[in-house]
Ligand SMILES: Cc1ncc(COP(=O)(O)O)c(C=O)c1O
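Here's a solo chain for you in structure tokens, the form predicted on its own.
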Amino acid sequence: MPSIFTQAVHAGERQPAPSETPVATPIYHSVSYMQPSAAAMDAVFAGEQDGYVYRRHDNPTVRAFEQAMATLEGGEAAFATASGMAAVHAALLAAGVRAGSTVVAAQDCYGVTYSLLNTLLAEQGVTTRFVDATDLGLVQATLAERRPAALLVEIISNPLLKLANIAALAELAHAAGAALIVDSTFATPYLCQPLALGADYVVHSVSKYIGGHGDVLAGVVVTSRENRLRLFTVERLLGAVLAPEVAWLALRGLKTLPLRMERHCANALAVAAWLETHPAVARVHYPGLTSHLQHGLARTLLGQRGYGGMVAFELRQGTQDAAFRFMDALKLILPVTTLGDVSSLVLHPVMTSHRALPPAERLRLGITDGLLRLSIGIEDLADITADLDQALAALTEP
């Protein structure tokens, strides 16, 4: 009989999987996996046989989440990452962005995406040309001039909620030999499936609507099987892979995504319409309003399910002081640097998401000191508007 030292190490481990199928996907914590033979392990490493050998390569819990995301997005495969920014970075590298190559990107993309392109990748020899993605003529001319490896856009931009015409942009990108990468975090597969419109890579910050409860930090790229192999090669080396515990939470959150998005969209449309009539508000940005310059495209692009849960608005007192006083006066809506939770949230882009942009660049893009971004939650609509109303009223108090 083995010694107690040996028994303590091995007793109870490596039990055969139950013949019954679990209803909920288990969390597989193991870092490494055995195969029935050395030859089988070699085949898995070579990609000739499906299986698991090491968690940085693959994990059953993570794979379950990836398969679910691929199904909802109408894609062939997906690759999950440790954060949304890791997903953006991986998609760019998988698309062929290297030293000496060029990226064409939407000028009003997420501030950290802007910084990734304008600092880290720039230091590594990548040139980025930022353009107004709503100007298809300008995009076409820039693509023809630069012949980039990738065109990167957000289907609904952060924070001004401009829309990208994905089908038209895909046609332009492919004509120039570029891959189209679409950040669809704000839309989710509930509102749009960019792959069906010609996108090559669809990126999500899973931390937002997919997870939905403020307890997940993750990202995912949905694409073709061939492109997933490229992503696997990149992330196997970088190591920004998703932990199984987080994948399990993301998969659980995904199950209620349609239900939550239905409520997010309905509440957001009502809040946007309410804000548009408020005397303390100068302007409201929301694709579901007829006043939005791209409302017609929104109807076509997002379909009949809604226009998203994000609302941006500008205070008539367009100062940072007014924005801070408004945020401090809120009682229900939480001032935090994220979005897509069941709770309603508020963010000041100048202070947070777009802090890294030079002030002159922010103003050029329309991101003013008085701009606020709301992530409308699933609470009762009357409670949300009551909190907004009392916070706006606080701006006129002595």
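It should be emphasised that the depicted structure is a prediction, and the values quoted were computed from it without experimental measurement. A residue's number is simply how far along the shown sequence it sits, counting from 1.
What follows is about the form predicted together with the ligand, which we do not show.
The three residues 165, 194 and 298 each lack any heavy atom within 4.5 Å of the ligand in the model of the complex. Although the partner is absent here, residue 285 sits far enough away that none of its heavy atoms falls within 4.5 Å of the ligand in the model of the complex. Although the partner is absent here, residue 154 lies within 4.5 Å of the ligand in the model of the complex, judged by heavy atoms. Put simply, residue 84 is close to the ligand in the model of the complex: some heavy atom of it is within 4.5 Å. Contact check for residue 264: every heavy atom lies farther than 4.5 Å from the ligand in the model of the complex. Note on the interface: of 286-294, 177-185, 251-259, 128-136, the segment with non-hydrogen atoms within 4.5 angstroms of the ligand in the model of the complex is 177-185. Of the residues given (217, 121, 302, 273), 217 alone sits with a heavy atom within 4.5 Å of the ligand in the model of the complex.
Out of the listed residues 307, 326, 110, 313, 110 is the one that sits within 4.5 Å of the ligand in the model of the complex by at least one heavy atom. Of the residues in 202-220, those that come within 4.5 Å of the ligand in the model of the complex through at least one heavy atom are, in sequence order, 205, 207, 208, 217, 218.
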